[in-house]
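Only one chain comes next, encoded as structure tokens, the form predicted alone.
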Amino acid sequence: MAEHTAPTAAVLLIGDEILSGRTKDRNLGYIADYMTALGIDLKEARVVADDESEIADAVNALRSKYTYVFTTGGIGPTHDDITADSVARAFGVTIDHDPRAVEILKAWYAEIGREVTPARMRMARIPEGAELIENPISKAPGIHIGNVFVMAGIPKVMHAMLDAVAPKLQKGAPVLSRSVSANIGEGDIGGPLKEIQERFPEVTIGSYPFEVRSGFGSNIVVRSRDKRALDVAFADVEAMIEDLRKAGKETT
């Protein structure tokens, strides 16, 4: 059986407003879908408050474990936008106004007729040695240093930054998936589904319950990078569901 390896990734969502519930995160799901399409396995996601030491510790923990780390939030113009400083701290480098970022922002504010304030120029502070991530929406750049990509929290801007980052990423084999739904509860499916999973270690099988009028049903999703293993395992899942239906386990 062919073996497949893939790059791995983690997401670090930054901001008190997420933890307080004031802002509902809309970035994690988008990044997860994006990584899946690139064949990159998203392995972990964390949320941290606007605390420089906590952000730096999280960045260091994640960048040592995974191929890539993507952060969102905390790179705006206000006092609590401390992600750039925190990333500089994580890498042990200085941070200052980057001439490239300064030029981008000055040109942008001149174009739209806005004053170049000290607050706005905070977004030109970049850790030493970092590359800039293009921001075609509001121009203030993201940051790429080591295996860490620092992006905006505003979804539209983050989407654009992720598009700019994608060509730099190592791609993996795409993950294939097939799914089937049955009005059979997980209590009946659990045992035989475990047996199928044990027969196919190269396949990931997930069961996700839903409610029907007279009980519960299950959505079963089979995922793998190995198409042959996926097809065989999925056929076994379908056969298992048919056996349970014949045994009267299906609800209506």
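Bear in mind the structure is a predicted one, so any value in this text is a computation, not a measurement. In case it trips you up, residue 1 is the first one in the sequence shown, and so on.
The form predicted together with a further copy of the same chain is left out here; the points below concern that form.
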{"property": "Distance check, R125 to a further copy of the same chain in the model of the complex, heavy atom within 4.5 Å", "result": "no"}
{"property": "Heavy atom of S138 within 4.5 Å of a further copy of the same chain in the model of the complex", "result": "yes"}
{"property": "Any non-hydrogen atom of K106 within 4.5 angstroms of a further copy of the same chain in the model of the complex", "result": "no"}
{"property": "Partner proximity in the model of the complex: R245 to a further copy of the same chain, non-hydrogen atom cutoff 4.5 Å", "result": "no"}
{"property": "Partner-proximal stretch of 153-161, 83-91, 97-105, 125-133 relative to a further copy of the same chain in the model of the complex, 4.5 angstroms, heavy atom", "result": "153-161"}
{"property": "Any residue of 189-217 that, in the model of the complex, places a heavy atom within 4.5 Å of a further copy of the same chain", "result": "G190, G191, L193, K194, Q197, T204, I205, G206, S207, Y208, P209, E211, S214, G215, F216"}
